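The chain below stands alone and is given as structure tokens, in the form predicted alone.
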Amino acid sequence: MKIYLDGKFVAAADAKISVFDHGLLYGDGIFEGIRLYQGNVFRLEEHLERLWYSAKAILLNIPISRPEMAAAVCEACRQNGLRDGYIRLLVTRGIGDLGLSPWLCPKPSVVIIADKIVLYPPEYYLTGLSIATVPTRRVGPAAVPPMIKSLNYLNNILAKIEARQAGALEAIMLNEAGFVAECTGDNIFIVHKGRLLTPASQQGALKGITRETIFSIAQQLGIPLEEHELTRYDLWNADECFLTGTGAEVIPVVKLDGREIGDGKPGPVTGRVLTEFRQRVLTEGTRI
């Protein structure tokens, strides 16, 4: 495997960063997860736009231009002979000292990993997930805006551990007010009386690229969609539920906190959305 590291492609065994990199020491950096489908990098420009927005939000200067980054992403796929896969793009604050001060890190570092990913076992895309609400709350928007794709995922990791302890593969994370924010790595949608409902970013939801694709799909299919405050009660009584994310794609949820959602099977709206999504991933993006 070849890894892009600060302008060069190196073998995976040689892809090393300093122990003084603030991405390692403090989680000071940003990332994007991007999918490759049959040689098409899905919504690459949208991912890069969000990366640059995240960088601006944390006052991080990305050391290469967006066209150079796009070219590096595509070349990482070619270097590894990928036609289908997952790209993890990271920008860290770079090497500094043992203090927090980011201005003592003169040069940010860029890493691009192109590989395979399987987030959930394939059978769950047919039968649906059973998930659980966990105690760990989503970081509040007043602390760190949820739009920032930060390297610091400790809250999400704790929630993932709690989900496993509850016998689930994924967790619902609530915000400080007790409303549904998102899952540990996915956005959440429910179907209720013909409408699609999903939490807003103000509730702690990431503005996901796949989430935005679902907005477009809903409009095309004529399905009313609203950003809405959602409680666990709303999810328990939904007709359907599904999660979305770059890694997860679109995956149905059939049980939450021991309660069946709808009839306990993936629903027809979820099926329509998933079918359209699988068509779009082949056309909305950048060919390598």
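As the structure is a computational prediction, the values presented were derived from the model and not from experiment. From 1 onward, residues are counted along the sequence shown.
Although not depicted, the form predicted together with a small molecule is the subject of the following passage.
Student: Counting only non-hydrogen atoms and a 4.5 angstroms cut-off, does Arg211 reach the small molecule in the predicted complex?
Tutor: So Arg211 counts as contacting the small molecule.
Student: Would Gly245 show up as a contact with the small molecule in the predicted complex if we use heavy atoms at 4.5 Å?
Tutor: Yes, Gly245 sits close enough to the small molecule in the predicted complex that at least one of its heavy atoms falls within 4.5 Å.
Student: Looking in the predicted complex, any heavy atom of Cys183 within 4.5 Å of the small molecule?
Tutor: Because a heavy atom of Cys183 falls inside 4.5 Å of the small molecule in the predicted complex, the answer is yes.
Student: Heavy atoms within 4.5 Å of the small molecule in the predicted complex: does Leu206 have any?
Tutor: Contact check for Leu206: yes, within 4.5 Å of the small molecule in the predicted complex.
Student: Consider the chain as shown here, without its partner, and state which of Ser109, Asn156, Thr133, Ser201 has a heavy atom within 4.5 Å of the small molecule in the predicted complex.
Tutor: Contact with the small molecule in the predicted complex is made by Asn156 alone.
Student: Identify which of Arg50, Arg43, His228, Lys255 has a heavy atom within 4.5 Å of the small molecule in the predicted complex; exactly one of them does.
Tutor: Exactly one listed residue reaches within 4.5 Å, namely Arg50.
Student: Heavy atoms within 4.5 Å of the small molecule in the predicted complex: which stretch in 69-77, 122-130, 97-105, 186-194 meets that?
Tutor: Contact-bearing stretch, as computed: 186-194.
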